[in-house]
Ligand SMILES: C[C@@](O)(CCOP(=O)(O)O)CC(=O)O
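Just one chain follows, in the form predicted alone, and it is written as structure tokens.
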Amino acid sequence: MTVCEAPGKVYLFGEHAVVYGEPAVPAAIERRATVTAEPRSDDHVRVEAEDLSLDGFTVEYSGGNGDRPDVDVPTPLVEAAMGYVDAAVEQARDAADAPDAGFDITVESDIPLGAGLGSSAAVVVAGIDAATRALGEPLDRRELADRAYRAEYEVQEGQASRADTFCSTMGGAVRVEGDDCEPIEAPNLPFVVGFDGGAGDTGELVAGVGALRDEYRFAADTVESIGDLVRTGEELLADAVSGGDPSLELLAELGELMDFNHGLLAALGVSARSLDAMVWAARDAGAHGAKLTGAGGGGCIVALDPSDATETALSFTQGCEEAFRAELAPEGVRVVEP
């Protein structure tokens, strides 16, 4: 039995624009998905996923022949929950040259699903790492991140970027621009997350931005402006002390860029009433900056505030289901003692 866990993430800047080759800076947070993998003597895959749906479920199906789980839950829910687990298993089998390997897999997660915090990436990264280690073929982090990206790319029908999976694998803050992915130095930023309890349709939102970008030059300019904003943010982070507490001046400058980023994303049509309400509640409470994180359409916002004011304000904001502080996770995927 092998147990691995991988962190979720927030975007400081750059979501959506990263799909079109612009840079993005996501940062790993200490909310994690945990995957346990134990090899079987047959080619079946048994998945217990208590945290991937409202009530959880356990399924077993034959691997390698396209079988779908036969369970009494709605088909879209099964496909959403199982797609990433399936893809992780296939990547692990390929990496270990074990096409008929079977597994008993358990998935647990404290990352809200579909909320912009990288839950699927964390499951895929932890799943591939656990399964390859269980087969005696552990991967180095670069290959693990690449295989996790390929899994997400397949499930998301070509609309995934490398940002989520690379960040979940490496931990800390990372810079992603096309296929170029590198860890970067960053201080311990005081993230506060607000969650509206919902989730946007990532594929639909990405496609919507693409349609705007193709139809209107100013929409394409907006995407490029997000890229310019990210580069400015990188310069600020490069001047900060890694791992230390950031200065108020740095927080103010980063926050201003986050505010700009949210406005540009809203102009591209990916915000929502609940996200805007949480962003403004955070700003009114004194946050240095606040923006949606992830695909948008619902889900989470991230703010910068070292005080308790933003978390308190969000907890009283209509439409905010949960507010919590999210520490930077300097360590990415890791093995856990069972």
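One rule holds for the numbers: they count along the sequence shown, beginning at 1. Just so it is clear, the structure is predicted and the values come from calculations on it, not from any experiment.
What comes next is about the form predicted in complex with the named molecule, which is not displayed.
- Though the named molecule is absent from this view, in the model of the complex it lies within 4.5 Å of a heavy atom of just one residue from Ile29, Ala295, Leu304, Val279, which is Ala295.
- Exactly one listed residue, out of Leu117, Ile128, Met258, Ala151, brings a non-hydrogen atom to within 4.5 Å of the named molecule in the model of the complex: Leu117.
- Heavy atoms within 4.5 Å of the named molecule in the model of the complex belong, among the stretches 247 to 255, 160 to 168, 135 to 143, 227 to 235, to residues of 160 to 168.
- Heavy atoms of no residue among Asn188, Ala326 and Leu328 are located within 4.5 Å of the named molecule in the model of the complex.
- At the 4.5 Å threshold, heavy atoms of Val192 stay clear of the named molecule in the model of the complex, well away from it.
- Interface membership of Leu12, defined by any non-hydrogen atom within 4.5 Å of the named molecule in the model of the complex, is ruled out.
- Residue contact check for Val89: none of its heavy atoms lie within 4.5 Å of the named molecule in the model of the complex.
- With a 4.5 Å cutoff on heavy atoms, Val18 counts as touching the named molecule in the model of the complex.
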